[in-house]
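Shown next as structure tokens: one chain only, the form predicted on its own.
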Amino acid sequence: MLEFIKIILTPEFLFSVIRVMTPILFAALACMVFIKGGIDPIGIEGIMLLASMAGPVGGYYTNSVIGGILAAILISLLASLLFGYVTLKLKSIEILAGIALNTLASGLTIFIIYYVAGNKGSTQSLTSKVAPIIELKIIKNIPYIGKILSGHNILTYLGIILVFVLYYILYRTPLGLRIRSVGENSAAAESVGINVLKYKYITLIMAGTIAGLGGAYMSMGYVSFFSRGMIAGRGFIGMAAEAMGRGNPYGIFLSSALFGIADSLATQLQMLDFPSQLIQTIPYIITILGISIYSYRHKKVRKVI
């Protein structure tokens, strides 16, 4: 037990928590924006998967990190807008459209990497770019703290900055007020002259961009290549993190950190000879428990009201 406590208190473990929570944070922030604009985020898994494929492929063809990240954002925007067109214009049921998007992404990514790299499993045969690691000179030399906070991928720091940026946009600007109004009561928003369709598409663009950054991180930061199905449920875990954070960027950051701890803990427990099958379920057990607790508390609040 002492050995276990020593492991989780090491700066290396806490460093890994930040690294592991990054894609979940991007997914959760994207889900938050979707929900604030009144759009179901069920397609987040497929959007991130497409972006994670586009990153290395775009980086390979442009021979540029920026080119790869822009390719990831572009394809995630297209996927997000496609979802919006199908649900907002064609009036499809959002849940079914989201499931279709996730299924499409699963097959389309395999087809594209086979066409580009000649391999159905990954893009390891392509020489792709990786987003750079950033050393924070001011923090780097601080004992203990420096080892935790410095030396992360640039997209990790961008994700943390987005927490504050999105809070400001959503709660301190007219744009954020209109997005939230449309999401909470579109009929009331329309009655005061707000173009509901316009702000829903703005929501799709914002959320798609954030999801694209999360997908790019997976294949250009977390690892240096794309592999089939590499999002591995992180989009859905992001939905859970959004719910646990109660739709607030700061709460979402904390809930994403909790899932990061669970994931890192699973990795560390493998070193202590715990059954691997049990260890792999830890992040998903935490997801179920978190959503259950949130739902129970939300139900109690509704009864009081």
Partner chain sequence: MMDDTLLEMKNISKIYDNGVFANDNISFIVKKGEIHALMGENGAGKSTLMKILFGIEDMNEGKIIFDGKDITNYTPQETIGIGVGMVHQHFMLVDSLKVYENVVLGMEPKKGIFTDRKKAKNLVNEISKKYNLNVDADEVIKNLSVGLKQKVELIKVLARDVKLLILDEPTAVLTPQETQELFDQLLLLKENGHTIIFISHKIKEVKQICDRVTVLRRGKLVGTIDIDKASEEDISRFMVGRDVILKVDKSIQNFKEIILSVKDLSVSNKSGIKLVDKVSFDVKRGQILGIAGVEGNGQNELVEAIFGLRDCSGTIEFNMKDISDKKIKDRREKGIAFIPEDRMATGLATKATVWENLVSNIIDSDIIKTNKLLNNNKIKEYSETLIENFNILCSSIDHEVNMLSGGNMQKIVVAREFSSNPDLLIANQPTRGIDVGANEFIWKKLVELRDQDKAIILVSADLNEILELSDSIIVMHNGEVVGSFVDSKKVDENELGMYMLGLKRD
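Residue numbers count along the first chain shown, from 1. It should be emphasised that the depicted structure is a prediction, and the values quoted were computed from it without experimental measurement.
Heads up, the form predicted in complex with its partner chain isn't pictured, but that's what we're talking about next.
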{"query": "is_contact(residue 135, its partner chain) in the predicted complex, heavy atom dist at most 4.5 Å", "finding": "no"}
{"query": "4.5 Å heavy atom contact, residue 107 to its partner chain in the predicted complex", "finding": "no"}
{"query": "Residue 181: touches its partner chain in the predicted complex, heavy atom cutoff 4.5 angstroms", "finding": "yes"}
{"query": "Residue 194: touches its partner chain in the predicted complex, heavy atom cutoff 4.5 angstroms", "finding": "yes"}
{"query": "Every residue of 173, 177 and 185 near its partner chain in the predicted complex, heavy atom within 4.5 Å", "finding": "yes"}
{"query": "Stretch in contact, per heavy atom within 4.5 angstroms of its partner chain in the predicted complex, of 141 to 149, 78 to 86, 99 to 107, 164 to 172", "finding": "164 to 172"}
